[in-house]
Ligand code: S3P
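Quick setup: one chain, the form predicted on its own, written in C-alpha cells, and binding and motion questions come after.
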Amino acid sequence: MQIMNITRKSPLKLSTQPILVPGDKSLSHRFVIFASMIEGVSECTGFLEAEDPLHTMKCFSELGIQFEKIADSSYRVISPGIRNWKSPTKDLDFGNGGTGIRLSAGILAGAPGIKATLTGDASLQKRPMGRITDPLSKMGAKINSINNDGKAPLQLEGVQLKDFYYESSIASAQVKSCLVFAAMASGISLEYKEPELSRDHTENMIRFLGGKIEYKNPLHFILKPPYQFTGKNFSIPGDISSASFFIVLGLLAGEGSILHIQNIGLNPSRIGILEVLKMMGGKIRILNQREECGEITGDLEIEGSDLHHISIEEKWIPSIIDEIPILTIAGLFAKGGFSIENAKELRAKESDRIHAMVVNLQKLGVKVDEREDGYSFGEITELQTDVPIETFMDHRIAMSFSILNAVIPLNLKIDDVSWVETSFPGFFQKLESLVGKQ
C-alpha cells in the first residue's frame, strides 16, 4: 500500500457529450403496481430495466397481469383489475428490492382473497419488515414474518381492511406508500402523518391518475375513496439517485470541467442532494425544467467546484438518505471535512451503510468517528492506495467507491460489483465513456 496526496489531484478530462441515466427506480416500481391495479391497458416509457423493478414486474405477472415489452425501457401492461387478481402458485421473489416487497405487501394485504408468500435474496431477508407489518396488522391485515423475526419471508392473506389513522415515527416513503396501497386495495380511507417530508411519488401518481388527496399540512394528509383510475401513458424521468454519482464526479473533476445530465426527475422530496451539494459549494444548474408524469423534470449542468464542510440539517436527511454514501465521497475532498448525523435509517438499507462506509473509509486511512446515527471525519489530505473495498452486497457502496477510484487513481480492489445491476445497469460502461477505462 502507498499513500496518495489527494489535494494535488490532476483535473479529469470528462467527455463533453451529455449523458442520460436510467429511469427512476421508485417510479418504475410504482408504475408496475398502479398499472396492475387498474383494469385495462397502461403504457410506460423510461422504465428502469434493472433487477429490482424487473423482479417486481415478474411478481405481479404471477397475479395474472400481462407485461409486454414494446421497446427498450417501454412496456405495455394489460390488467384484469385488482378485483380479478389470482393468488400466485409460488412464492413471490422480489430479489434485492426493498421497495418492491414493502409496497407490494401493502396492496396484497388489502386485496381480499389473495394468499401469497413474499420473499427475496439473502440481503433482503436481513432487512426489517416490522415497520410495515405492524401498522398493516393494526389496519386488520393478516400478515406475519414466517420466521417470527420481523423480516422476510412474509406470509399474508388479503382481507378487507378498515379505515385507519397512522402517525409514523419515521419519515419513510416505503412505509407511507405501503399503507396507501393497502387503503386503495380495500377501498378505505387513510389518514397519515409523518415527522419529516418523505418522497411523495405515490401521491403524485395518484393525482396524475385523477385521484384526490386532502392535505392538512405538508406532513399530514387524508386519502379517501373512490379510487377509480383508468389506464394511462406514463413517462418516467431519469433517477436522481443514479445521477448523483455522476453529479459528484462532475463536481470533483476539477476547474473548467462541465458535465451535462439530461432528463432527470427533480421531485422536491428528492433534490436534497442538489441542495446539500450546492451549500457545500457545488456549481449545479437546472435547465429546461418541465413536468412529466406528475413529476418535475429537468436537465442538469455540473461544473467542477471546490467543496467545503457544512452542517447538514436534519430536515434534509429523508431526501438524501440514499445519496449519503456518494455524498461522503464528495466530503473526502471538502475543505474542513465531512459529517452526517440524524441518519440512523442508513443502518436499515441494503446494508448497514453507516458501518459499511466507516469500515471502508478506515481502510483508506481516514480517521472516522462513528455514531449510532452517522459519522464524521476531518479534512483529508491523503488516502491509502491498493486497499480492498467491501461492498456488503450493496450497490450504492460499490458505485460510490468506483467514483472515488475514477476521481483519483487509488487502484481500489472492490470485492463485488454485481449488485450494481439491481439499480443501474450499464453504470460502468457510462463511467468509462466519461473518464476512460479505470
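All residue numbers are counted from 1 along the displayed sequence. Computed from a predicted structure; not experimentally measured.
Just so you know, the form predicted in complex with shikimate-3-phosphate exists too; it's not on screen, but the next bit is about it.
Between the options I354, A185, A173, V276, the residue in contact with shikimate-3-phosphate in the predicted complex by a heavy atom within 4.5 angstroms is A173.
This chain is drawn without shikimate-3-phosphate; in the predicted complex, the residue among I321, L327, I240, I302 with a heavy atom within 4.5 Å of it is I321. Of the candidate stretches 406 to 414, 26 to 34, 42 to 50, 386 to 394, only 26 to 34 contains residues with a heavy atom within 4.5 Å of shikimate-3-phosphate in the predicted complex.
Although the partner is absent from this view, T297 stays clear of shikimate-3-phosphate in the predicted complex, with no non-hydrogen atom inside 4.5 angstroms.
Looking at T99, you'd find a heavy atom of it within 4.5 angstroms of shikimate-3-phosphate in the predicted complex. In the predicted complex, H308 stays away from shikimate-3-phosphate, with no heavy atom inside 4.5 Å. Using a 4.5 angstroms limit between non-hydrogen atoms, R131 touches shikimate-3-phosphate in the predicted complex.
Residues are counted as partner-facing when one of their heavy atoms sits within 4.5 Å of shikimate-3-phosphate in the predicted complex; in 183 to 205 only R199 qualifies.
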